[in-house]
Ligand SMILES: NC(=O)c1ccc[n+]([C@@H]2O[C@H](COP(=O)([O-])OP(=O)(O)OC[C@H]3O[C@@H](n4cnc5c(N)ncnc54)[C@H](OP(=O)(O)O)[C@@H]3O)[C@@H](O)[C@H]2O)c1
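A lone chain, given as C-alpha cells: the form predicted on its own.
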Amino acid sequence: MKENVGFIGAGNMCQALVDGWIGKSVLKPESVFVSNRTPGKIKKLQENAHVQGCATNEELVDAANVILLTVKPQDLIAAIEPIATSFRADQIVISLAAGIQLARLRKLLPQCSHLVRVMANTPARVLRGTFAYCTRTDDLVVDLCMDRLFKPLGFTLRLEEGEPFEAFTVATSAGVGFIYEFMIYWQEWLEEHGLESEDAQQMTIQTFAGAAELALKSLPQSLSELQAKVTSKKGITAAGLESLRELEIERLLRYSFEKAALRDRELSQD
C-alpha cells in the first residue's frame, strides 16, 4: 500500500509525526499533505520538511488515502462536519483528538470503513513515541497501517476503548508534560545550589534520559528492582526516597492523573 498521508491541523503533534516519518524515511515529503486554519504553520512545515501544503481541507481529503485529524478536540467537529461528505469509504481516518470516541467519529463519517483513534506523544519526533490505538474489531487494514506508519516511531499497542485507553492517554500523552514538570523542579534545585542554568538543564536531561534508557535495556527487570540497585541502606538515595514517601508524592501524582482523566471524559461529552 502506498500511503499519501494528510494532516488536518498542523500543530505540535503533526510536526512531531512529520519529523519522525520523514527522518526515518517511512514517508517521502511529496507524499505528505498538510492543511491548517492559518497558513503560518503550513509554511513552517514546507520550509523545514518540504511537505505539500493544501489551501483547504477538501483539497487535502481529495489528495490523501490516510487522513490524520490533528486539530484540537474542541475544534474537530467544526472542522470536519462541513466536509464530511468529501471523505471516501476506503480512506483510513485517524483521529488523535483526546476524548473523541469512535462512536462519535462513526456518526460524523458514516461512510468511512476504517476509523481509528490514536493517542500519541511528541517523543515520536525522536523515534521514542508511545502509541495506543483502537478501532472496530478485526480491522486488518488499520492494523497494517499502524504497523507500517507508527511502529517505526516507537512503541505501539492496540487497546480497547474505555478505561485502558483513557489511562494510556493520561500516562503517556499528558504524561510527557508531567515529566517535564518534574524536570523543571530538578533544574531549579540545581540552579539554587550554584550551578549555571545550561549545566543544570543538561544534568537534568541526562539523568532522566539515562535512567529511562537503562530501564529499557534492563527489561524484563522491574522498576523496583532497578531502584533497589541504586539505593544503599542508610545512604543518600534512601534518605531522599524516605522523604518522598513521607510527603505522599504517589498520592499527589495519582490525584493529578485522575484530574487529567476527568478532563478527558469531559471532552468526550462536550
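The shown structure was predicted, so the numbers you read here are calculated from the model rather than taken from an experiment. A residue's number is simply how far along the shown sequence it sits, counting from 1.
Not pictured, yet referred to below: the form predicted together with the named molecule.
- The partner is absent here; in the predicted complex, the one residue of 107, 193, 136, 72 having a heavy atom within 4.5 Å of the named molecule is 72.
- Across the options 107-115, 183-191, 159-167, 72-80, residues that bring heavy atoms within 4.5 Å of the named molecule in the predicted complex belong to 72-80.
- Within 4.5 Å of any heavy atom of the named molecule in the predicted complex lies no heavy atom of residue 232.
- In the predicted complex, the named molecule stays beyond 4.5 Å of every heavy atom belonging to residue 44.
- Although the partner is absent here, residue 38 lies within 4.5 Å of the named molecule in the predicted complex, judged by heavy atoms.
- When contacts are judged by a 4.5 Å heavy atom cut-off, residue 31 does not count as touching the named molecule in the predicted complex.
- Of the residues in 82-98, those that come within 4.5 Å of the named molecule in the predicted complex through at least one heavy atom are, in sequence order, 96, 97, 98.
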